[in-house]
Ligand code: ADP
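Before any questions on how it binds or moves, here is one chain, the form predicted alone, in structure tokens.
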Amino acid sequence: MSGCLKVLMVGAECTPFAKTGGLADVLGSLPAALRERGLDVRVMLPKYFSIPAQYRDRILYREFTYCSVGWRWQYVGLGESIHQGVPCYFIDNEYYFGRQGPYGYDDDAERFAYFCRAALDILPHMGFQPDIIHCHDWHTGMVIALLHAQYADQPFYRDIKTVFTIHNLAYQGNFAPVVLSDLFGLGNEYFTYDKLEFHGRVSFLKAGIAYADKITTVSPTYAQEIQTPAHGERMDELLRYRKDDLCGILNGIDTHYYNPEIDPALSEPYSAADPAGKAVNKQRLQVEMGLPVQPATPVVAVISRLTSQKGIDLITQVIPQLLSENVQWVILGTGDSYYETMLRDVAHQHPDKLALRLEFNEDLAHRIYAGADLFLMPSRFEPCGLAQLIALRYGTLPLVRETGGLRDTVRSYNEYTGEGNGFSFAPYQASDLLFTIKRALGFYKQPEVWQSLVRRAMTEDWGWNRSAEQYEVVYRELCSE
């Protein structure tokens, strides 16, 4: 790929190496889609101890150097592996990353300060000089600030442009002011309102927003929402200031991995052209979840973190009314103990109505997508959301609240024009959720309408090609400036 546009994506997660959320799916799929367009895109992430052995064993040692983390002098090992045609680099330091899970530790400020410094210092040893460094979420925001503050006058780094993607503005990486000098060697001139200071703290996320050449987020609606006080997480003023450099690009899904025609987790393959297998998957899901096998009874699914951000509070407010309907419920996920306890009690009292699995189970999730009829996602806010896209792919109609990426992907069915691919409501109220569920169930009783919606959902393209094209436009515009 000599002579083509070179991009290094830096992030804390990447499927299949490390995953806690949608960030990993993006870094696991978007680079391959961009490489198909002729861009030399590569990925860098920490070499966590928890990377599955079958992938960890394929990481080959490449190079090493040392970097400073304030007064500390730390080893930086570089490993490399090729995954689905994408070169993936791994920053190796067992002191910081020889642990179970990517983060959630008391020293996360130091761990990701090290990662940001190491990512920059290892670059000249890689044999790869990127035109653009594309950083993702708070863990990598300081890469961009450091590049601006301490590397910009060095010939190797001088012409590198930067892009910063906000996957969820609520996660900000805010730490005590001492980290500026102690971890980065930066003076108090950077602890100001227009730079890294954020309500008395240092914000790694703000570093990315303040210093990046271009800022993206994961859906067009979310790009607008985060410029408002309601969704701006106290950064809306800064985002309004940077609005000319901010755009929303909708995430996609891996349409090979999420494919009911070849999904090995399913009981029976099916497609939009031959949908008979979906009924078989529904029956076997009912058996697996201990529900009565009733082909005519609609199955409503929830696959989610059980938190109020995901709208679980709305669901629990109307559980008595929901249970009075001729519907079966399947819920998969973990979260707040309050919701777990409440749902466990309901499942115990109504085993023929609600099947609950308080766990993360990828194969079961695929079987639920395939076997359910309606997929519920009433989020309070949702930067993009991938679950509704997977549900569409499997012909399970999504019912969502109109926010963020949910608004950009789910079009509520219009019985007068026949348009739509699911159902939606706008006000964050339990009564609106209940009304919309009853409305959807009414159309379920009209098989011709329902099957038409299912076919439309399954034939829509939610892969990465469209998103990759938009990212390429951002990159090329940036490099032409």
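Numbers for residues come from their place in the sequence shown, where the first is 1. If you're wondering where the values come from, they're calculated on a predicted model, not measured in any experiment.
Below, we refer to the form predicted together with the ligand, which is not included among the displayed structures.
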So which of Tyr157, Tyr338, Tyr258, Phe175 reaches within 4.5 angstroms of the ligand in the predicted complex, heavy atom to heavy atom? Tyr258
One residue of Glu359, Asp194, Glu94, Asp274 in contact with the ligand, assessed in the predicted complex (non-hydrogen atom, 4.5 angstroms): Glu359
Answer range among 288-296, 361-369, 83-91, 261-269 for contact with the ligand, defined in the predicted complex as heavy atoms within 4.5 Å: 361-369
Within 4.5 Å, heavy atoms only: does Gln309 come near the ligand in the predicted complex? yes
Does any part of Ile303 reach within 4.5 Å of the ligand in the predicted complex? Heavy atoms only, please. yes
Is there a heavy atom of Gly405 lying 4.5 Å or less from a heavy atom of the ligand in the predicted complex? no
Is Pro378 a contact residue for the ligand in the predicted complex, using a 4.5 Å heavy atom cut-off? no
What I'd like checked is whether Leu332, Glu382 and Ile390 together line the ligand in the predicted complex, meaning each has a non-hydrogen atom within 4.5 Å of it. yes
